[in-house]
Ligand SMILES: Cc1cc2nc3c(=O)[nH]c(=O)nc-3n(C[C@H](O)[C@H](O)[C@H](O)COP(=O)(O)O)c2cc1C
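In the form predicted on its own, a lone chain appears below as structure tokens.
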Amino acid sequence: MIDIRSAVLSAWEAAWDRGEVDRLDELMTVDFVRESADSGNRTDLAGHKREILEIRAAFPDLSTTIEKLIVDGDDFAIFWSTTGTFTNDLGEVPATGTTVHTRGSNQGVFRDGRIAFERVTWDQRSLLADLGVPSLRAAFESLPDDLVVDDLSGDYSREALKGFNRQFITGVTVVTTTDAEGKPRGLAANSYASVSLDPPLVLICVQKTSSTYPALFHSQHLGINILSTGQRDTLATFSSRDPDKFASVQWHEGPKGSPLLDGSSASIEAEIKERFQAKTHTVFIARVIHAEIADDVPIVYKAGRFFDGASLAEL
């Protein structure tokens, strides 16, 4: 008769702390099922092993602690916590270098001394949420292979959507940050929106192929500059592939170091709170911590053309 408590503790430590996932073979049944209490997604033992290895590759210093193990007949519950540094990319999610401390619990059923079923309060999607990186992809990763999920593609008229977007009038912003070496980075964007005034939240949507995207994803803060009619050349610079866009513009640092462009109609610096992965783009939600407002007239954008925000004359 195996010592269930010792077997669980030993196999758990080997798999999660050292990556020895085959040790789970001695703990789980061949038809083992793991279910997320949050999403309802299910995976088998092979899928569970893959997830552990993916997470350990992204968090090589991962360390877990089982805080309590309760066994009552064939039922059990595990309460645990874990700490690790997001050192390497996790799937499509770039590493942030941040340390996460998270906790969860597993409730399950033994059959003939092995774990046959496990319902967990934590999965890879929960890990990304703890890091401030909710992901659409992560929600699907533990689904059975034969289950079809929405990949966000679909039948639609690309030209009709472009026509719809051309009718929407926006301002023009330059989103800025600094990379790991402290070099300023930035790109032009019109996908800015205010989320709420209380709390002071804004969002910006950035394409993953942008050269500024890696620095922005890794950063804890960003700047958003609403361009004025006197910054037409600045707009051209930040819409280009110029490797040193800041060489030809005047700028200063916000309180947390984000580049803020001189001559803008308005600039804010904000702390990035969440990063929502949406296929080709990432939506950044940020809390405003600093604002600078000027009297300069902003640029207005519609249907590929730029206009003076005061007279609405085309620039």
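Please read these numbers as outputs of a predicted model, since none were measured by experiment. Heads up: residue numbers just count along the shown sequence, starting at 1.
Heads up, the form predicted together with the ligand isn't pictured, but that's what we're talking about next.
Residue in contact with the ligand in the model of the complex (any heavy atom within 4.5 Å), chosen from 220, 229, 190, 98: 190. Note on contacts: among 201, 77, 205, 120, the single residue with a heavy atom within 4.5 Å of the ligand in the model of the complex is 205. Contact between residue 306 and the ligand in the model of the complex is found at the 4.5 Å heavy atom cutoff. Proximity of residue 212 to the ligand in the model of the complex falls within the 4.5 Å heavy atom cutoff. Residue contact with the ligand in the model of the complex: residue 238 places a heavy atom within 4.5 Å of it. Residue contact with the ligand in the model of the complex: residue 90 places no heavy atom within 4.5 Å of it. Judged by heavy atoms within 4.5 Å of the ligand in the model of the complex, the contact stretch among the candidates 81-89, 68-76, 181-189, 99-107 is 181-189.
Using a 4.5 Å cut-off on any heavy atom, none of the residues of 20-53 reaches the ligand in the model of the complex.
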